[in-house]
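One chain is shown next in structure tokens, namely the form predicted alone.
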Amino acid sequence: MGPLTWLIALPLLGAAAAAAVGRDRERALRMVGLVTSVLVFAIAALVWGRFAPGAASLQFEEHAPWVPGVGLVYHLGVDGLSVSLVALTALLFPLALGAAAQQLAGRAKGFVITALLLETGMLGTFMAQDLVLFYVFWEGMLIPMYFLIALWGGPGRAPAAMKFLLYTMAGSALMLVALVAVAFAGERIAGRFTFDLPALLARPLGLGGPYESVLFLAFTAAFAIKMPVWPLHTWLPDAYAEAPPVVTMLLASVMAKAGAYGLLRFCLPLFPEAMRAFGPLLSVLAVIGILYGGAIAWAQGDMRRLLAYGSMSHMGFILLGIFALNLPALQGSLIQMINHGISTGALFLIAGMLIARTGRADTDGYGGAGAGAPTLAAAAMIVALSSLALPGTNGFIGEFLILLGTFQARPAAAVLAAFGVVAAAAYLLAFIGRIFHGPVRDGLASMGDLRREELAILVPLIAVIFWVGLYPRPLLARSEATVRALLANAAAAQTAARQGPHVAAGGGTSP
């Protein structure tokens, strides 16, 4: 097996190993989860380190027949769009499992098994190059996440999990129909029925017109719900607030990125004309999400809902950059996916540490917590500054590139979106101020500072914050060639679609 298959297989093997361990052996169960996820991270780090910057094509490809009779292939690969997202996913899972150790008393077995199954689904989503294989992994994320919310969440976990399930399954059903339609369109152009994405893109499909728009909207609905995009976000506050903080961290840091990734992996190369036609509308929705999410976050008392709406606001920047459809904005969106995963993930972990110590989720129940936990307060401040895009931290370069590229394409949208940075400063600094500053509330002076295991979880995230903020070149170099090729091929496909299907069938630019 190649390294990408090992990335999928190891969590499955770890889940099987955990299933064989007795329920009362919680330490052994936690070790199975941690060792498995650390091994996965080691392989992902090796793939990221050996990835050749400057190459637009897929690397580490693994290709085998799956169900040849209906055009299904087992096809994995990573390129500039996905290699850093695979590394991000692999980094966050051992940190999440380590952070969950204090919250799993008596319930570790099911959690470890479900979390490892979720990791398989998430990693497979970013590596699959066959439409149906992608759909299998896409749905493979949904079921474990549903159970992580429904079984380990708060008092309102059941309705929150059901709302999450219904929303995402509705979008997935639309995408399933659309991907079958894409395969039939590819058969007309390529002469064979296949779901293999590189094969479908070998020649422009030349869809064009209302047919392309319908297929684009079906795919986009699934991706927009996952991000989520306003106004398809109403599942978000309940799911984020009711899920355990470590699960919310995975939901916001990785699963939301799968939606943004899907727009770049599938919608832009398959439906370039629709991407441009619907770009103004999606840009408006992105700006609304940025400003609405920031305003609602500022008004929240529950820290988990505050961070949930803040996460939605930051995802709006990523959406805005994607639909600017130029190199700076797409590069900014890709690096901001990584930045958002790191910074928002760290904020949710810090929220979980606070709730575990005090049992309080409302920010009004805090005050002066920094007196008893100065290291925790310092870590929270660093992460908050990265989220509001302070220069020198990871958030700055991503938002700067997004706004730069958007200003080239839609100046008004860029100006309005810039006010989202002001909103982020308002709600994040209010979050820090309400919790860590002011008079010390009862019981907080002796709350306890960061323990060694908590430092081991937060220090890697803070290190990435400064590394990307000060030296983003390794991330940008890995994605630049792929983004350039994606834009060039989308332009060629758009031209072919405008000239008619007979031209598209005659040739095109290979990805």
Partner chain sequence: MSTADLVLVGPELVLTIAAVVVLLQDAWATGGVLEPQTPRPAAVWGSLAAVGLALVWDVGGRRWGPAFGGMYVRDQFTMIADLAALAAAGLGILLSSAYLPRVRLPAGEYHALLLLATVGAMVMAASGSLITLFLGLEILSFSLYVLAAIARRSRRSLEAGLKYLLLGAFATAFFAYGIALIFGATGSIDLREIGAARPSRLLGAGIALLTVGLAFEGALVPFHAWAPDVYEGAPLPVTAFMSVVAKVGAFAGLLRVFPLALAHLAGVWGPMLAAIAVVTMILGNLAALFQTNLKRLLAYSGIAHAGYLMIGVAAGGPAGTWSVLFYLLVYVAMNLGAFGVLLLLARQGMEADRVEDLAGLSGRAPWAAAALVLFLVSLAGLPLTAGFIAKLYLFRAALGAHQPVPALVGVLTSVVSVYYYLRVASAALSGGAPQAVAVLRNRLVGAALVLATAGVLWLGLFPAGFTAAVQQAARQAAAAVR
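Residue numbers count along the first chain shown, from 1. Bear in mind that the values here come from a model prediction, so they are computed numbers and not experimental data.
The form predicted together with the partner chain is left out here; the points below concern that form.
S.K.: 423, 436 and 445 - do all three of these have some heavy atom no more than 4.5 Å from the partner chain in the model of the complex?
M.R.: No: no residue has a heavy atom within 4.5 Å of the partner.
S.K.: Tell me the stretch among 353-361, 130-138, 299-307, 383-391 that has any heavy atom within 4.5 angstroms of the partner chain in the model of the complex.
M.R.: Answer to the contact question: 130-138.
S.K.: With the partner left out here, check for me: in the model of the complex, does some heavy atom of residue 400 sit within 4.5 Å of the partner chain?
M.R.: It does not: once the partner chain is placed as it appears in the model of the complex, residue 400 has no heavy atom within 4.5 Å of it.
S.K.: Contact between residue 180 and the partner chain in the model of the complex at 4.5 Å, heavy atoms?
M.R.: Judged by the heavy-atom cut-off of 4.5 Å, residue 180 is in contact with the partner chain in the model of the complex.
S.K.: So in the model of the complex, does any heavy atom of residue 419 sit within 4.5 Å of the partner chain?
M.R.: No - in the model of the complex, heavy atoms of residue 419 and the partner chain never come within 4.5 Å of each other.
S.K.: Using the partner position in the model of the complex, report whether residue 166 sits within 4.5 Å of the partner chain, counting heavy atoms only.
M.R.: Result yes; residue 166 sits at the interface with the partner chain in the model of the complex.
S.K.: Would you kindly say which of 261, 146, 235, 407 lies with a heavy atom within 4.5 Å of the partner chain in the model of the complex?
M.R.: It is 146.
S.K.: Consider the chain as shown here, without its partner, and state which of 217, 430, 170, 327 has a heavy atom within 4.5 Å of the partner chain in the model of the complex.
M.R.: The residue from 217, 430, 170, 327 that makes the contact is 170.
S.K.: Can you list, in sequence order, the residues from 52-70 that come within 4.5 Å of the partner chain in the model of the complex, counting heavy atoms only?
M.R.: 66, 67, 68, 69, 70 sit within 4.5 Å of the partner.
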